[in-house]
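Take a look at this one chain, the form predicted on its own, written out in structure tokens.
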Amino acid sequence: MYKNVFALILFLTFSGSLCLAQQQKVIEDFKPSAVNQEGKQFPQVNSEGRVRVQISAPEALKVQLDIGAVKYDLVKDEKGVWTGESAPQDEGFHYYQLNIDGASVPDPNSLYFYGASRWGSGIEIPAKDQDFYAVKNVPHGQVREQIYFSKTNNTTRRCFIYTPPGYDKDTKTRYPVLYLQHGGGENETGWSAQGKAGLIMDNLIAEGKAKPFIIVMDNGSWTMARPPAGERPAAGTWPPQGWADGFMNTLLKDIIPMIDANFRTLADQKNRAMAGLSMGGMQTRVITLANPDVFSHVGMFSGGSISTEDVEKAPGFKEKVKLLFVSYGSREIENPRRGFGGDPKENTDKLKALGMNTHFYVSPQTAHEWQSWRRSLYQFAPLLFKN
């Protein structure tokens, strides 16, 4: 009897180990990432969405891949080359870094992107729907770097501006404008580099799905005023009262007048939109509620929502705003911590019932990440500036 029990335990242990090994087996069809530096074979991605990195660090004692808030140990070979891979990642773009003996550093093999308040590494997990931001043989617009002086901040600033195909050839046509904001820890490069905004617009325009318009991408980063030395910060709501005022003043007093003075815009409320992701969506919420005479189309991607109470406190918003678009990744909707102002779907539906033109979009199988926001722009842009 005891022999039979022992044999059964051995069998179950072996079977469990075999199943675990089979579950952890990695498919060896890795290919170099689309955003590697030229000629670099690593990092790589396989058909499961796993990320494999490799770096030579003979003197290092421990090296890890840090992606998706998880650290994965790499293994060193006899030549001092460290290699390892992550668990499968969601489709789309992700920031990552290497951790070498406790120091977090960019991977020297990848292109660099600004996120988490630093320049660091990024990787593309091929998406089933990546065709909408692919480089195609269609007319292309331009993403221009614009340097300007801000009287509000008494400093020189920079923004990036997408102008649609044909902007420089037909010098008589004027265009609507979308002011499109990045998220926290990112900057004015985010929407064109990580977000593929220019390519998304080029493809939509080529397919006749969106009206050509200009996109302005500026830096909306902000910092809290620190309390006097020795004092503890006062308790209060988050974000603090007036947190978006700095960028709102810069946008209204510097950026919009500069764009209207230097580009062929249709400089009126009905041809002006604002949208943003995460922090940029929260800024959009505050700024458009306070200025319905400036913006007629509003987009908030993973950045809270607008409630009936908000609209009641914002005279003219309901009547003047022609479109309110709210979106999230499906994994965000599953998470109760999804922004400010209550349930976003419920809020958006209530405003629709009051007669507003509202749209609620959910990006499938994505979280608080760029693929959610690329898809959001793809859904949002065709709705803009309809006659």
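For clarity, every value in this text was computed on a predicted model and none was experimentally measured. Start at 1 with the first residue shown and count on from there.
The discussion below concerns the form predicted together with a further copy of the same chain, not included here.
Next on the checklist: Within 4.5 Å of a further copy of the same chain in the predicted bound form - does that hold for a heavy atom of every one of 55, 140 and 169?
Outcome noted: Every listed residue reaches a further copy of the same chain in the predicted bound form, so yes.
Item to check | Option from 25 to 33, 320 to 328, 56 to 64, 344 to 352 whose residues, in the predicted bound form, bring a heavy atom within 4.5 Å of a further copy of the same chain | outcome: Selected range: 56 to 64.
Checklist entry - residue 102 near a further copy of the same chain in the predicted bound form, any heavy atom under 4.5 Å? => result Residue 102: yes, in contact with a further copy of the same chain in the predicted bound form.
Checklist entry - Closest heavy atom of residue 111 to a further copy of the same chain in the predicted bound form, within 4.5 Å or not? => result Residue 111 belongs to the contact set for a further copy of the same chain.
Checklist entry - If you check in the predicted bound form, is residue 146 within 4.5 Å of a further copy of the same chain, heavy atoms only? => result The answer is yes: residue 146 has a heavy atom within 4.5 Å of a further copy of the same chain.
Checklist entry - Does residue 269 make contact with a further copy of the same chain in the predicted bound form, using a 4.5 Å heavy atom cut-off? => result So residue 269 does not count as contacting a further copy of the same chain.
Checklist entry - Which one, 132, 263, 96, 72, lies within 4.5 Å of a further copy of the same chain in the predicted bound form by heavy atoms? => result If I apply the 4.5 Å criterion carefully, the residue I get is 263.
Checklist entry - So which of 84, 304, 106, 212 gets a non-hydrogen atom within 4.5 Å of a further copy of the same chain in the predicted bound form? => result Residue within 4.5 Å of the partner: 106.
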